[in-house]
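The data below hold one chain only, encoded as structure tokens and taken in the form predicted on its own.
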């Protein structure tokens, strides 16, 4: 099973967490969404997607071109499996983790299949981002392995 840890970031936190997940999980690599074309998505790869939220709930700068590409190209993502982890700050209740939500909505609308729990990290909590992201990744990958068996 090939694993790509994709990230959309504004300040670098999602990138840092994605790189730590890739280092902690065998056969995984991290990729910035801005370097990925929607046609690059493959049913033979499992995607772990980390996405921060910017401003009033917008996508971060490195995720926006990928989402623009999804909306323009409208690829058939049937068979593509992904899990998602949103980053945000719950002190901004109306926009908390909306970047991840928006990215997931785009993937779902094109037929991709989400698996595992929707992970979230609250920047206003005392939880460590990297530890939370790695624990989430291990849990969703275990769920995916059980489902595939």
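As the structure is a computational prediction, the values presented were derived from the model and not from experiment. Numbering follows the first chain given and starts at 1.
There is another form of this protein, the form predicted in complex with a small molecule, and it is not shown here; the text below is about that form.
Site annotation in the predicted bound form: the residue of 105, 27, 56, 39 reaching within 4.5 Å of the small molecule with a heavy atom is 56.
Heavy atoms of residue 96 reach within 4.5 Å of the small molecule in the predicted bound form, making it an interface residue. A residue is said to contact a partner when one of its heavy atoms sits within 4.5 Å of a partner heavy atom; residue 110 fails this definition for the small molecule in the predicted bound form, lying far away. Mapping the unseen interface onto this chain, residue 125 falls outside it, with no heavy atom inside 4.5 Å of the small molecule in the predicted bound form. Heavy atoms of residue 118 never reach within 4.5 Å of the small molecule in the predicted bound form, leaving it off the interface. Looking at the small molecule in the predicted bound form, residues 9, 14 and 87 each place a heavy atom within 4.5 Å of it.
Note on the interface: of 48-56, 110-118, 65-73, 28-36, the segment with non-hydrogen atoms within 4.5 angstroms of the small molecule in the predicted bound form is 48-56.
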